[in-house]
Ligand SMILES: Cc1cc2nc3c(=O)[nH]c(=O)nc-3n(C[C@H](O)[C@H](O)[C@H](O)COP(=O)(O)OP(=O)(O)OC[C@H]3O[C@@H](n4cnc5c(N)ncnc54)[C@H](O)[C@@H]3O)c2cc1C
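To begin, one chain is listed below as structure tokens, in the form predicted alone.
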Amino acid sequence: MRFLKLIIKVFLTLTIILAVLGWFFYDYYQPVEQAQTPPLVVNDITGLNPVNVTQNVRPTTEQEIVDAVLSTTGPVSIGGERYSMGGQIAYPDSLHLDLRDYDEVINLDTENKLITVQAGITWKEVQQVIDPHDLSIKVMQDFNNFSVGGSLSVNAHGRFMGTGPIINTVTSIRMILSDGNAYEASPTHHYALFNGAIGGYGGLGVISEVTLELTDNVPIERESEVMGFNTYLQHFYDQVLDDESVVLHNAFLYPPNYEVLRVNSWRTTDKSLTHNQRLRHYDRAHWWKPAMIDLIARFDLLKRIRQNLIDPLIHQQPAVVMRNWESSYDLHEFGFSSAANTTMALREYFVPVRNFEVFVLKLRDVYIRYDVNVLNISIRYTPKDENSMLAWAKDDVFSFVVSYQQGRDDASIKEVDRWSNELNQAAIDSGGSYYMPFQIQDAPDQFYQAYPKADQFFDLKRWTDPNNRFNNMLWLAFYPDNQPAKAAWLRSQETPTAEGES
């Protein structure tokens, strides 16, 4: 009798588990068709920011970009792979330049380790060209889906130790301004344009071509440790900061308690490879990977299982790989696919190294108080940015890259607005800033506190773009000359009241 009851309990438990998983995967894959957008609607990976444009042009040559800019006197917006998450690639009723077909390698100089590319090319495509020559990208994001031009527009960074943001690896850019003329800009020639356009979110003109420094593709070995967040800073000073063998470094702060870090350092080595493949290749047959990551994001119990069981099993395995292998992740394998009622999204905060622990305490307080569904927090080091006008690293900083899950309904969006503003201010109060390629929910006073050279950038925009042609939702929010347009747009978004209502 007891055995029969046990069988019944197991059967019911499995039935419930299968029902939950069935519901989950049904819900997870429901939005595949919904995610399709009309040709004149520009959206991003979250699906939260549809913007209607009047024309969508996909140039393949620089002359086609020039012709498109000169074909209208109205606003122009610029987009690449569409991974910015708050409308930074689109503007209402604009001519939209979709640069995804503008993706050729113009020149590869293997002797001097330089490559010149069209701005729409992705890091993945660049890696496929340079890897056979044992060359590697100096600075890029963790994922290779992004376009090079888009990465310059946000002044991206990664886990690379000591190199800082991408502006430090760019030798020159070619810019098309609103008059249709092309200008070469570098740290020594038209340097104001160079320092404004990189990290300028498409506000000055179109980045047409980019010349980048490359480095050697070397074997690297992973070292992994677990520690409390209050011991990490000393570990970083003692074991990482001045060690020139460290190529990549980051730490994961585990939710939901935000007390424990897994610290990974990849050091140069002469050991034999444990994995001989040189570049990762995303396999769409592995659809279950992002689905499982999304499932983990929904339950604290599964997050703890990941921290205490899955990650230890993964990281206790020896790992000696090529630098390019560890730099060629695909974003879609990490759960960045929107579901019917939810989406994964990112936030990022920059805090001076010395204030690391203070900010962790503030971050933990906000996320626990608001019950934010955080999947992962990756912490990276970046030295001070001396160059870009809109520098987010005004000091040597740790960046906190937060991936979280949120609902698509208005209440969820307003909730994200509240905790996001609190953390923006916490980063500012800690002497740091926040990153702008995400949902535009920061207040204007926070923007100017985080980016004190904004007025200098806006003066440059008035000079390079006197008719305010190059625009997007970010500059609609913060560019002073856009305030009348912003007020009109906000009025257009108001829900009309029913007849007879006040």
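Because the structure is a prediction, the values reported are computed rather than measured. Residue indices: 1-based, along the sequence shown.
The next section is about a form of this same protein that is not shown, the form predicted together with the ligand.
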For the chain shown here without its partner, which stretch in 220 to 228, 205 to 213, 262 to 270, 244 to 252 has non-hydrogen atoms within 4.5 angstroms of the ligand in the predicted bound form?
205 to 213
Does the ligand, in the predicted bound form, lie within 4.5 angstroms of each residue among 119, 142 and 435, using heavy atoms as the measure?
yes
In the predicted bound form, is there a heavy atom of the ligand that lies within 4.5 Å of any heavy atom of residue 84, even though the partner is absent here?
yes
Residue contact check: residue 359 to the ligand in the predicted bound form, 4.5 Å heavy atom:
no
At 4.5 Å between heavy atoms, is residue 331 in contact with the ligand in the predicted bound form?
yes
Can you tell me whether residue 146 touches the ligand? I mean in the predicted bound form, with a 4.5 angstroms heavy atom cut-off.
yes
Counting non-hydrogen atoms within 4.5 angstroms of the ligand in the predicted bound form, say which of 138, 364, 303, 380 makes the cut.
380
With the ligand left out of view, which of 185, 372, 426, 156 would have a heavy atom within 4.5 Å of it in the predicted bound form?
156
Does any residue in 84 to 103 get within 4.5 Å of the ligand in the predicted bound form, counting heavy atoms only, and if so which ones?
84, 85, 88, 89, 99
